[in-house]
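In the form predicted on its own, a lone chain appears below as structure tokens.
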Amino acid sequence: MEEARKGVLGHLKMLEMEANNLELKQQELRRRGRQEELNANLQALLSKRDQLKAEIKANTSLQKMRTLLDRTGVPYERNEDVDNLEDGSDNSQLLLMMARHTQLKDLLHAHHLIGGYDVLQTRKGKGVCVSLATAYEGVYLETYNLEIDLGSNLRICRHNIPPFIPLERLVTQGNMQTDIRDFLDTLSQYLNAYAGRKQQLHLTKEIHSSVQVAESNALCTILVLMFTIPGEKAEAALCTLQYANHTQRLPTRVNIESEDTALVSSPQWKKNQALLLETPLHTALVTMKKTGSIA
């Protein structure tokens, strides 16, 4: 009986030792696994560090190349900055392409910000030239240009805007310093409205030979026309069109005078008056000729 008890105790002790050894082995495996995990994390962090260092170096070089490109427009001008960048022809060419790419992206972004107007850098990046095209009925007309100095305050240094366009007032009212897009949009409205009125006058002279232009001003905001009235009597009517809103192509007031007062107060000529207010001049005259109102 005693021997049997000793045998059971010995077996239990052996099992306990095996359990302890297994626990030690598991702890060792866990320690090695943890160590391997830490080593892997360390390698990942070192790799990330090297990557960040490379990106910082590349961005610094790219910024130097971009600065040189903006300042001179010639990236290979011999100076200390380029000497430091040219650690290899392939790298230099790659940096140049990347610098030009970022420059193009910035120009496109500026192009979007100012409403899609054509923009060119001037004076080696110290200014920009903005082109404002005008068009009427799908036909491109004149193009006007503004050269803007990119100093601490935006300033128009050169332009070919017609003198009768209130440019200085638009600069002040449009607050060019804080919202250049709004300023350019307003200026474009003035220019396109002027171009449209001018083109309507040109088409009127070209298409309607019987209509005489008695008077017009440079801005085409006042037009005085002489109509010939068909009939046995050689009657005429004087039509004055006033464009009080200089951002619009249609008149705000139409006045028709004739010695025959009954003519101008007739329903047909009331319609003609409304037509001239709502329709481009040369188009309205075509309709008036078809209805027999004018020769």
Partner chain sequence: MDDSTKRILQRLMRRIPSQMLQTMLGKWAHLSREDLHSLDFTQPKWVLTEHLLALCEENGLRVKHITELEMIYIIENPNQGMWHGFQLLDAEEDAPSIELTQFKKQFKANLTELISNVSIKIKKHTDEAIWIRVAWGDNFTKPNHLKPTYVVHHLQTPYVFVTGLTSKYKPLLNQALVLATRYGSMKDAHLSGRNLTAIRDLLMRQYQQVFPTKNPKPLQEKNPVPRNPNIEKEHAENTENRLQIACEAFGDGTLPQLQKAVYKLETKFRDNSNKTLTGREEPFRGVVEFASTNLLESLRHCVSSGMASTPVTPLLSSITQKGRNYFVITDKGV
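Numbering follows the first chain given and starts at 1. Just so it is clear, the structure is predicted and the values come from calculations on it, not from any experiment.
One more form of this protein exists, namely the form predicted together with the partner chain; it is left out here, but the text below deals with it.
Taking T172, Q177, Q103, T122 one by one, only a single residue has any non-hydrogen atom within 4.5 Å of the partner chain in the predicted complex, and it is T122. Out of the listed residues R158, K126, R181, H202, R158 is the one that sits within 4.5 Å of the partner chain in the predicted complex by at least one heavy atom. Not displayed here, the partner chain is approached by D118 to within 4.5 Å at the level of heavy atoms in the predicted complex. Though the partner is left out of this view, A218 does reach within 4.5 Å of the partner chain in the predicted complex, counting heavy atoms only. Although the partner is absent from this view, T186 stays clear of the partner chain in the predicted complex, with no non-hydrogen atom inside 4.5 angstroms. In the predicted complex, at least one heavy atom of P163 sits within 4.5 Å of the partner chain. Three-residue candidate spot N145, I222 and H246; every residue lies within 4.5 angstroms of the partner chain in the predicted complex by at least one non-hydrogen atom.
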